[in-house]
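First comes one chain, alone, set out as structure tokens in the form predicted alone.
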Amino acid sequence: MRIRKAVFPVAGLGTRFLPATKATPKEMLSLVDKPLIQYVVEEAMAAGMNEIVMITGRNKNAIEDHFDRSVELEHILEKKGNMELLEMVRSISEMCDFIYTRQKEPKGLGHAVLRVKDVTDEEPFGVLLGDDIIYTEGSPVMTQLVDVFHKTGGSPVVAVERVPMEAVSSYGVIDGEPLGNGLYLIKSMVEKPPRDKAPSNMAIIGRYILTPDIYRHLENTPFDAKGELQLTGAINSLLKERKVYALEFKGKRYDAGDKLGFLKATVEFALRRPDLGDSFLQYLKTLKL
């Protein structure tokens, strides 16, 4: 079964990057010369997902504008004869099909996913968080998850990563049975557990493949004390009915929703660029720190 749709919850306020995100969506912060959200959209497309569903909120119009045509800009570039830039700008608006829906206020990842129940049309779908930028030398992470989805007969699968035990309280964490090659059969999930109550250090990161039956569990999952509907709670409920897997993916993740993580990503992505890497490295070597 082909997975066509990819869901992007982008209604968050981006408070960790204020004041930069006061009027600019955090997803539009530039990583070298491309906004964060475009890296993640390209990852979804590489996995065969050509229908992108954006769950937006207030002050997110820049995301829609970025993936839309800019006739005025195209006209100026064409008039100046800058055909390379013209082709690049046009290619962004022609990447795939985009659907936008509003989440009036952020009430947790589960609430965001529930907003697209009528959009996914009873199909399996991907969920990608723009805060997690992942570099891979082989298959993109969503492609790795799609492979697991098919090999397990269409079971939901989430991406996980080992994190230091002192960091587990910032993540959803799985209790899983190892099956080999980085694959786990999930027994349970805990959202942001205290360190002494975490079942493991296998943290869920922002890549999921879900099936339509998740909606019934989301609808029956209560909101937590913070007024949020947690996706992990609904998946825990789903575990009573079917198998759900976790994949320790191959790649390097950057938490671009954190200032230090964003800076690390900027430096390392720039160093990997054939047009910038050598010159940037030479510059870094001149710094007297």
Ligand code: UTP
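Predicted, not measured: the structure shown is a model, and the values here were computed from it. The numbering used is simple: start at 1 and walk along the sequence shown.
Although not depicted, the form predicted together with the named molecule is the subject of the following passage.
Taking non-hydrogen atoms only, residue 13 approaches the named molecule to within 4.5 angstroms in the model of the complex.
The shortest heavy atom separation between residue 253 and the named molecule in the model of the complex exceeds 4.5 Å.
In the model of the complex, the named molecule stays beyond 4.5 Å of every heavy atom belonging to residue 217. At a distance threshold of 4.5 angstroms between non-hydrogen atoms, residue 190 is out of contact with the named molecule in the model of the complex. Partner proximity in the model of the complex, defined as non-hydrogen atoms within 4.5 angstroms of the named molecule, places exactly one of 85 to 93, 67 to 75, 105 to 113, 150 to 158 at the interface: 105 to 113.
The single contact residue among 186, 173, 146, 129, judged by any heavy atom lying within 4.5 Å of the named molecule in the model of the complex, is 129.
In the model of the complex, 26, 27 are the residues of 21 to 38 with at least one heavy atom within 4.5 Å of the named molecule, listed from first to last.
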